[in-house]
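In structure tokens, the next block holds one chain alone, the form predicted alone.
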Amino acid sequence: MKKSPNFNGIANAYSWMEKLTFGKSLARCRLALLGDLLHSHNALVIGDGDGRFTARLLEANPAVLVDALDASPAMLRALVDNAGIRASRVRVHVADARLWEPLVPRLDLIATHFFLDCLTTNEVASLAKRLRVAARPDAKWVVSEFAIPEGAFGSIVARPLIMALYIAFAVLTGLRVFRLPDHRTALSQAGFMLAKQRRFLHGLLVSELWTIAPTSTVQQP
């Protein structure tokens, strides 16, 4: 098991770093499918950075309770601050998602925005199997991620840009992953199926909604 990257040092700068590099595109990607999440009650949000998605989810869905998981205490403090008056509906967990066992056995919402790209494909697969065990049959998993589209844009623009981002985060946080995981295969093999997808910036960013596959059965990881 690799040592967890340390995002504490960039917690206060996370928002402006994002806006400086991608403007509002990452925010639009995170929130693209928010309208599909308004009837959830027990949500697990993993690696939401300073918590801007969590804040919007709490505002849009007055019934949802959120378990927020992150290895960075500083990021979780920022998340709670951004939740404001709705922070009473948030429980925070300082832990490595690669090891953490869900405390809510019947999750109906999982959210991972620009987090799975910090894991290897095998680590995403292990996480997905554990979350499938904890998920209700009607659970939804919303994913926002970088992607390398096919064609010239993917090879000339997207691939070098994503590698540059990995190098930057390796320097700033100690992240030791340098390629995007195959999260779609990992989620599919764990019993989830892709229900909806939106693309941004010519396919560099994707927002996906996953549900439980009708034929899937719960297997202990």
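Predicted model, so just to flag it, every value in this text is computed and none were measured. Numbering starts at 1 and runs along the sequence shown.
Beyond what is shown, the protein has a form predicted together with a small molecule; the following relates to that form.
The partner is absent here, but in the model of the complex a heavy atom of Cys118, alone among Cys118, Leu109, Leu131, Val124, sits within 4.5 Å of the small molecule.
Segments offered: 156 to 164, 188 to 196, 60 to 68, 41 to 49. Contacting the small molecule in the model of the complex at heavy atom distances within 4.5 Å is 41 to 49.
The shortest heavy atom separation between Tyr14 and the small molecule in the model of the complex is within 4.5 Å. For His183, no non-hydrogen atom is located within 4.5 Å of the small molecule in the model of the complex, even though that partner is not displayed. Taking the partner from the other structure, the small molecule in the model of the complex has no heavy atom within 4.5 Å of any heavy atom of Asp138. At a distance threshold of 4.5 angstroms between non-hydrogen atoms, Leu103 is out of contact with the small molecule in the model of the complex.
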